[in-house]
Every structure is written in structure tokens, then in C-alpha cells.
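A lone chain, given as C-alpha cells: the form predicted alone.
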Amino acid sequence: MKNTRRDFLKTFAATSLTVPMLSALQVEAAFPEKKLGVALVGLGYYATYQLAPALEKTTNCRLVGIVTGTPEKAETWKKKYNIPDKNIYNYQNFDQIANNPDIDVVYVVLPNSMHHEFTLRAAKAGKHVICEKPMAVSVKEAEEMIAACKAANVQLAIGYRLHYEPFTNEVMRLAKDKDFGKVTFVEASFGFPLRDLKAWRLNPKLSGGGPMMDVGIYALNAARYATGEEPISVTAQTVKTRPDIYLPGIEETLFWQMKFPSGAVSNHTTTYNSGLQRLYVGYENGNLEMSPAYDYGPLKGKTSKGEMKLLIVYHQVLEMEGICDAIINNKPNITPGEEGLRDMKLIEAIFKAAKTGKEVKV
């Protein structure tokens, strides 16, 4: 039996089926006169089982188009979501999307190495862009994506869905308001047992790396929002037990550590060898623990004051509504390209530290 990232997340997500899924924007915001039209680029697992269902529940945007290289998928989605032929594209004729007024936003849900190309092409076509994380496979690509969207006067948002949900926002608030004092230590880790040897994640030309470029970025981002600070240095180590599976350019297990300006430190693990998902934050006068901390929900946690009793939400609904609200009202979104760029700079530093065995300043 194959174990994949989707299976790992699905195990946790299945437990949320009995919990009401509500959107804060659905409850509080007035319905806009026109919903923004969204086209999904890439119809893999995440687009199929998370984004498309979410877009059936959003109040200010809706699914109107698709981009796929598989004709069979196009036919299935066309029937299921009532998508007209004129809003169905493949990777070759994608640029014609510029002439389609139905589509306002393009959501890039492709392998990591394709994010750069299709963000640039979408921006050139005059469409706002949402791009999955990691936003690119290099700092240079990330910088070019930001520049292209600014030049085209379109918004670029990165798919950090957790930034739109209550548990993560409470972690951010505690860093800001210091209910338990300053942060002193963070432990953030995320891994799953990958056994699908045909997964694109094992192709360094598509993924740009192993678990760090897959689920490790969640733990990396968590240390930043849990402290409210940007790291000043990193150290890292890798362990590879199956070089026949994990080829050069694909780490199997990666450990890394970070130092922050306040004196806080963090420790992290990401791996394709084991299922782990946790966030621990130590403060001067208390602590916070979350597990699960990053998947599709429901998330669960506690602090020194007790259980975190927060609203359980459909992450992707709030994410889509939050990003599209920023577009509609011409205001900055909370997960811009610059947020993705910060993680990319840290990832490059972590890979360098693992390769050289030295502490890398950032």
C-alpha cells in the first residue's frame, strides 16, 4: 500500500467532517456584486480535493476556468463544475487567457519548478496570481515573480492558507501581545512517510528539493510567525539512508536550527521517513503546543491556560476569500510574494548550511 502526503493529510482531514466548517467572511461580509473568476492551473490532488470544493463555498470568488494537460481531466471538470469550453486551457495555449474577461485570478497549483513560468505568464496576461508554496525553487525566481506582478500591476499572493485561520492567528497574537512573555524557544516539525517512488516530489528538477520543499516549509514559516521575528542565522544537517530512492538534490531527512534577534532559538525536523506534525512554543512564563499544527484541519492545541477553543474553519475558503477581498478592495493581501521570498531565502541558507556544515548568516 502506497503512503503519500495526501494520505497523511487525509487521515487528519477526515476527522473534520463532523465539525461545522464556517467562513468568517461568509458570516461578516456582504456579498459582492460580482464574484471574481478563478482559474486553477494544474488539477492534481490539492486542486481537486481542496481548492475546487472550497470555491463552491466562497462568497466573493468562484471557479470559472481550468488549465490542464490532461484532456480526460478537462472533460470531467467541465461536467462537474459547468465550465464552458472557452474557459478551458492547456499549458500550450495558456497565454490566450489574457483575452478572457471571465477570469480575474489564476491559482498556480503545479510542481514547484513550474511556479515561476506560469506566474510570469499569468502576470503578462494581466491576471492576479495566487501561487502555491514554496513559491519557487530559488530566490532569483521568487524575485522575478514579484517584479513581474508589480510591473503588470496585478497582485501576487502565496498560498499560506494557515495565515487565514484562527489557530495560527492566535500563535501570531501571542508573539505580538506577549501574554506569556517573550518567546524563548520554538520546536516546529513536519514529515510524512513517502513511499510513492513515482511522485514528482522525488524529481529534483520538478521539486527543487525533498521534504523541505514539500512540508518542511510549514515548520519554517511557523518559527517565523511564532516568534514574530526573522532569523539571523541557520545551521543544518541531513541524513540519507536510502540513496537509491533519494537521489542527489533530494534530501530524505533534514534537521535545522535558527537563531533570532531577541535571543530565541528554534529546532526543526522535516522528513519523508515518518509522520510527525507539531509546533511547540516556549515563552518566559508559559508554553503552547499544537498537534496537528499544519494540515487541513481540524487543528488542535493548548497553552499554559488550557485548551485552545477556537473556531474550526475551512482553511481554503478563508484563504480564497481573504486574497480576493484584497483584490476587490485594492488593498495589500496578507500573504504577498514577499512572504514567500523570505522563506525562499531561508531555504537556500538552510541547504547551504547542510552542505557546508557551517552556520550561515541570513
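Given the structure is predicted, the values throughout are model-derived calculations rather than measurements. All residue numbers are counted from 1 along the displayed sequence.
Beyond what is shown, the protein has a form predicted in complex with nicotinamide-adenine-dinucleotide; the following relates to that form.
Open site. nicotinamide-adenine-dinucleotide, superposed from its pose in the predicted bound form, has no atom within 2.4 Å of any backbone or C-beta atom of the chain shown.
Residue P134 is the only one of P134, G208, P231, G216 with a heavy atom lying within 4.5 Å of nicotinamide-adenine-dinucleotide in the predicted bound form.
This chain is drawn without nicotinamide-adenine-dinucleotide; in the predicted bound form, the residue among Y91, F185, Y81, F255 with a heavy atom within 4.5 Å of it is Y91. With a 4.5 Å cutoff on heavy atoms, A52 does not count as touching nicotinamide-adenine-dinucleotide in the predicted bound form; it lies far away. Under a 4.5 angstroms non-hydrogen atom cutoff, nicotinamide-adenine-dinucleotide in the predicted bound form has K73 among its neighbouring residues. Contact check for N112: a non-hydrogen atom falls within 4.5 Å of nicotinamide-adenine-dinucleotide in the predicted bound form.
Within 4.5 Å of any heavy atom of nicotinamide-adenine-dinucleotide in the predicted bound form lies no heavy atom of H128. Relative to nicotinamide-adenine-dinucleotide in the predicted bound form, residues P166, Y225 and P336 are all farther than 4.5 Å at every heavy atom. Just one listed stretch, out of 276-284, 148-156, 113-121, 82-90, contacts nicotinamide-adenine-dinucleotide in the predicted bound form at the 4.5 Å heavy atom level, and that stretch is 113-121. Shown without its partner, the chain has Y296 as the single residue in segment 292-309 with a non-hydrogen atom within 4.5 angstroms of nicotinamide-adenine-dinucleotide in the predicted bound form.
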